[in-house]
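Presented as structure tokens, the chain that follows is alone, the form predicted alone.
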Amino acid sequence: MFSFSEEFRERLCRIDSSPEFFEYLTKPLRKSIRVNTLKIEVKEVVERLSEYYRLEKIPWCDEGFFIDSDNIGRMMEYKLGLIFPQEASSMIPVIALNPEPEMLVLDMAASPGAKTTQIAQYMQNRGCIIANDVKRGRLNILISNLQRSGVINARITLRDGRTFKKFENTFDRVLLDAPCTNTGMIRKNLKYARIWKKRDVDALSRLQKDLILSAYRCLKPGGLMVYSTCSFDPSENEEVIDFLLSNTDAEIEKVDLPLKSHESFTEFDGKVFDKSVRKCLRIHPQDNNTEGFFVVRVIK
């Protein structure tokens, strides 16, 4: 049986010490898909797949389904771009973002493209998505996923997300699915527990604060930004949102979806956060039998 390092376990216990939390951390993750409505209707895919697989509707996503298949990548529906394998909680940030046709949308850390393709289908391929990533090596998979999904309203850019601050008041929507320690993804890959280091948490928290200020600055007044991570750590989540609230006029809007969640932290590591962080959506694995996730809607 896999065991966490003493330092990591102590950190996790400060976040959630319940037996269910640790049970679900190492429990196999359910597979899930999102139907790509740019190419096909949800009903048609359900009819096709139900002949061979058991599908269960994801409560918070009209196009999302849990599926009892370990070979989604080999399915013809995947190869044709009719479905996209995407973890159920990973669908929440774009639902919260609520992009609409004809908008100008920035996906600041886009690769591998699951959320970018989800944005495109909600925009009905109308308007423009700037799909950005900072690492050249990650762009090929992003481009491949956009092409297979039939996305035609995206433009790929290779930039450090912090440079978008110079495009002040430009975008209708901004998604910052920030680089993080990926502790919420331990169910998918235990390596994230093996490689965890506190210094990485601190370094990423500093980067996330720079990125969220950049994302907020390039958002239009009245526009909507979503900040998300697949990390449990308050230093990467509530602390980052507190930093934004302390340095801007941002307002937090509650994400209202049919799912269970945990209360956000109002203090951690001796730091006290703005009371508005209570509106953040914090999801632990045992809440909905998914990955861990953190999602925040920010209004400018």
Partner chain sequence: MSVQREIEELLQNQFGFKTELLFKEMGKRRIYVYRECPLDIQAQHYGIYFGRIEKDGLRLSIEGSYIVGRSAERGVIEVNDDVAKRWMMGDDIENDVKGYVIIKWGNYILGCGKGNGTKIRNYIPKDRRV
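None of these values were measured; they are calculated from a predicted model. Numbering follows the first chain given and starts at 1.
Another form exists, predicted in complex with the partner chain; not displayed. Remarks below refer to it.
Exercise for the section: Answer yes if any heavy atom of Ile40 is within 4.5 Å of a heavy atom of the partner chain in the predicted bound form; otherwise answer no. Expected result: Taking the distances in the predicted bound form, the answer for Ile40 is yes, it comes within 4.5 Å of the partner chain.
Handout entry: Interface membership of Lys209, the partner chain in the predicted bound form, 4.5 Å heavy atom rule
Key = Contact with the partner chain, no.
Handout entry: Contact label in the predicted bound form: Gly127 to the partner chain, heavy atom within 4.5 Å
Key = Yes, Gly127 is a contact residue.
Exercise for the section: With heavy atoms only and a cut-off of 4.5 Å, decide whether Arg138 touches the partner chain in the predicted bound form. Expected result: It does not: once the partner chain is placed as it appears in the predicted bound form, Arg138 has no heavy atom within 4.5 Å of it.
Handout entry: Segment assignment from 113-121, 148-156, 174-182, 191-199: heavy atom within 4.5 Å of the partner chain in the predicted bound form
Key = Selected stretch: 148-156.
Practice task
Identify which of Lys27, Arg30, Arg48, Lys271 has a heavy atom within 4.5 Å of the partner chain in the predicted bound form; exactly one of them does.
Solution key: So the residue touching the partner chain in the predicted bound form, by this definition, is Arg48.
Handout entry: the partner chain in the predicted bound form reached by all of Arg74, Leu82 and Phe164, non-hydrogen atom within 4.5 Å
Key = Result yes, every residue of the spot touches the partner chain.
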